[in-house]
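Next up is one chain by itself, shown in structure tokens, the form predicted on its own.
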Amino acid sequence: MANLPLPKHGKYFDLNVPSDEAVSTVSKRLTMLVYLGYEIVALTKFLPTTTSSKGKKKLIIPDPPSKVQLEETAEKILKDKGAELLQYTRITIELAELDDVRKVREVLNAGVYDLVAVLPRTEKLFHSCCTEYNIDIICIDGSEPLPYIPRHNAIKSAITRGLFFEVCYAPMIRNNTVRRHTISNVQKFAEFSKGKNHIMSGAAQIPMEVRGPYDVANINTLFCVAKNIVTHTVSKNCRAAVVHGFSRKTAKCAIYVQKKDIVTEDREIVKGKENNMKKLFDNNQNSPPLKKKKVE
């Protein structure tokens, strides 16, 4: 991420674009994302929990995906808008047992990924992710009913630490059962988080599963999230997650400075106050001196 600038405000994000398939397939999905208005994406590698024949975990950290060359259609769209597609790297680590925690440590020590996400499978690992691990995103799985009960203290701690809870919408499109489980699981989180620090990602496998930013934002109404913050799940919160990854990776703070012009009306108001004060001062100067009262 050191070579990439921080994204500007008001852009739309998809922080989960699987990159395990062929480059041509990923390029087609990126073209669809650009066509729908996205300008920042994260190419994702998934690291599942695996067990060898001897029962020991094999620690194999995949290399981060390289930048994908866009098709001519996407390049033309970006050129007409005067923009570019920022491609960050991300790894999602599945946590099923305590032995999987060392994968998180190894990835954090390597520092080659811009975003680090985890998919906890047990309540103990979920609590540890919310309170201890220096990660960026906690994934909410919808493939099955939530195997643990999210606690209010754990969710509050994660929000305080600047972590984000991710929901993927493409699996909901592919399967009705996944859709039902996802809605039920996310509602349990939204009951305590009130929609704060939620992000929506795609995880689309084909271009036809990609949806526009506003369509994705409106999915949050199924999770009982307030309508005034649903667009934050594809813009503001996603940008905050990228900035959090930058701070974690560089051990620095990220400050975004923007110039702001002074409103003309405020100048007139200030000028009017100065004129009133000047008139009051002049009147006091021209007024006759006060008479002294005789004291008997």
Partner chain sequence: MVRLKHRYIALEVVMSKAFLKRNMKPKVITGAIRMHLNNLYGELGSASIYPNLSVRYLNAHTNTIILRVRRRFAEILLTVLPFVTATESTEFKNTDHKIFFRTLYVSGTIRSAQKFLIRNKTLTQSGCRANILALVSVGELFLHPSPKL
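Bear in mind that the values here come from a model prediction, so they are computed numbers and not experimental data. Residue numbers count along the first chain shown, from 1.
Note that the form predicted in complex with the partner chain isn't included here; everything after this is about it.
Checking Leu98, Ala83, Val112, Ile173 against the partner chain in the predicted complex, a heavy atom within 4.5 Å turns up for just one residue: Ile173. For the options Asn218, Thr160, Thr122, Asn153, the residue carrying a heavy atom within 4.5 angstroms of the partner chain in the predicted complex is Asn218. Interface residue remark: Arg248 is not counted as part of the site for the partner chain in the predicted complex, having no heavy atom within 4.5 Å. At a distance threshold of 4.5 angstroms between non-hydrogen atoms, Lys227 is in contact with the partner chain in the predicted complex. Although the partner is absent from this view, Leu108 stays clear of the partner chain in the predicted complex, with no non-hydrogen atom inside 4.5 angstroms.
Among heavy atoms of Met32, some come within 4.5 Å of the partner chain in the predicted complex. Using a 4.5 Å cut-off to the partner chain in the predicted complex, not one of Ile60, Arg102 and Thr177 places a heavy atom inside that distance.
Of the stretches 84-92, 138-146, 205-213, 187-195, only 205-213 has residues with a heavy atom within 4.5 Å of the partner chain in the predicted complex.
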